[in-house]
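In the block that follows, a single chain appears as structure tokens, in the form predicted on its own.
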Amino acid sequence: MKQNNMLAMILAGGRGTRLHELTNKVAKPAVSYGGKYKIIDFPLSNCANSGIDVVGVLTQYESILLNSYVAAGRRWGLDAKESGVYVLPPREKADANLDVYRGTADAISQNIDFIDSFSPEYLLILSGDHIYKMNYAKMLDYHKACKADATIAVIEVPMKEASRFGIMNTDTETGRIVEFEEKPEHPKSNLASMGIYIFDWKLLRKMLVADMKDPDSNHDFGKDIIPALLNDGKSLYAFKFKGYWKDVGTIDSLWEANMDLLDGKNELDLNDSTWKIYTEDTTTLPQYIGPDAEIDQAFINQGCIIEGTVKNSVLFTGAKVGAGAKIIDSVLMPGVEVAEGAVVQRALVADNVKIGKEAVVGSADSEHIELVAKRVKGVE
């Protein structure tokens, strides 16, 4: 069922600094994941599967690759008449040197005219850098049933981790949000905001116009808009999400999200035909597993050539593992080449990096995952 009365805006402008070299030249939502996907594929596929046919993607840092990628709306079935994916870079200068959005609310404010042109009743706002599957149509049904002014998707996180998130404190009987705390030192609940919001557009529009005129505002949903709605006595409700959700903001979390695919009971299930995650269709040969190769618990994508050992690892499109090489507890991104006799352990190897003959990368004892973003020389 088409949700023609709801338009989606994906906030895809995060700098992704904690991903280090992976985002030096590529926007965080364009980072590769899961063998052949990009992170942005998940919110876009969710929109397509939820019947939302107009999606704005708000980009800013290192966005050339991301812009060209999402502009091809046909990947997600969003290229039909009266539908589409629209790339929306910043239009105003936030300071003298850089065209950027000042905050998440400012990103929407700068695009009020674009949103108005479609006359939506509801506005769905999404983060562009999370990995999950969600039916936004069900969230909209909940929003309508509650007669809410705004609905915020939340997920239960371990109480010991709650201080890392924006936390929604709710009336346990009704689900109405009574308080919002941004990364509280002593959280009162474990309902973490997923950065997924549905607003009645007319109300949000008024809030954004007022926020634009406030010199003391951070122009941010978490810091300004949501607290203002609560202060005004508006009805905000928490939509509880149950399923796989991962914020891949660090090397460790990106590695973990890929390794989760090795679990046969993983709730993400990329093979689910009822909720497909669409991506770019790359033309490449099938994978090749050599006669002396050893494979144990691995996720190996098309175009890979394996002549060595791969254990508990994820290999993206076109990765090559030479004879005698060992890939253990690691993620090899597209085009990685590991030469003969090399050992890669507890590492994430960036796109097209070459690891030389008999080189050793990573360690079984390391606390954090090693990012390999440059060529590693081996025995000449």
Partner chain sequence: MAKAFGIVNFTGRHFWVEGMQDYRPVGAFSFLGRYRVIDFPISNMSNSGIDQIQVYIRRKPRSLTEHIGTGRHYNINSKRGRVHLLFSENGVDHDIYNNDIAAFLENMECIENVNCPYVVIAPSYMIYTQDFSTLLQTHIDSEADITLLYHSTDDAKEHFLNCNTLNLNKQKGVLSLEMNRGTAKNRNIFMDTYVMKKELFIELVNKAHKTSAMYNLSDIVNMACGELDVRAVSHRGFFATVTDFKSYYDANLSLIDFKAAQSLFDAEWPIYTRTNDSCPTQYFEGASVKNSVVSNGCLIEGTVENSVIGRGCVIKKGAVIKNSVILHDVVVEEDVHLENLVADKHARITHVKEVIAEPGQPEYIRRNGVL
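Numbering follows the first chain given and starts at 1. Please read all numbers here as calculations on a predicted model, not as lab measurements.
Form predicted together with the partner chain: not shown, discussed below.
> Which single stretch, out of 53-61, 33-41, 323-331, 350-358, brings residue heavy atoms within 4.5 Å of the partner chain in the model of the complex?
One stretch meets the cut-off, namely 33-41.
> Does the trio Leu191, Ala228 and Leu230 actually contact the partner chain in the model of the complex, every residue with a heavy atom within 4.5 Å?
No residue of the spot touches the partner chain in the model of the complex.
> Just give me the single entry in Leu203, Leu262, Met212, Ile112 that has a non-hydrogen atom within 4.5 angstroms of the partner chain in the model of the complex.
If I apply the 4.5 Å criterion carefully, the residue I get is Leu262.
> Give me the residue from Tyr122, Trp255, Tyr132, Tyr278 that has a heavy atom within 4.5 Å of the partner chain in the model of the complex.
Selected option: Tyr278.
> How about Pro291 - does it come within 4.5 Å of the partner chain in the model of the complex, if we only consider non-hydrogen atoms?
Within the cut-off, so yes.
> Whether Asp296 contacts the partner chain in the model of the complex should be assessed with a 4.5 Å heavy atom distance threshold; does it?
Heavy-atom contact with the partner chain at 4.5 Å: present for Asp296.
> Hey, in the model of the complex, does Ala137 get a heavy atom within 4.5 angstroms of the partner chain?
Outside the cut-off, so no.
> Within 4.5 Å, heavy atoms only: does Thr283 come near the partner chain in the model of the complex?
Yes, Thr283 sits close enough to the partner chain in the model of the complex that at least one of its heavy atoms falls within 4.5 Å.
> Scan 299-322 and note down the residues that get a heavy atom within 4.5 Å of the partner chain in the model of the complex; none is a fine answer too.
Sequence-ordered list: Phe299, Ile300, Asn301, Gln302, Ile305.
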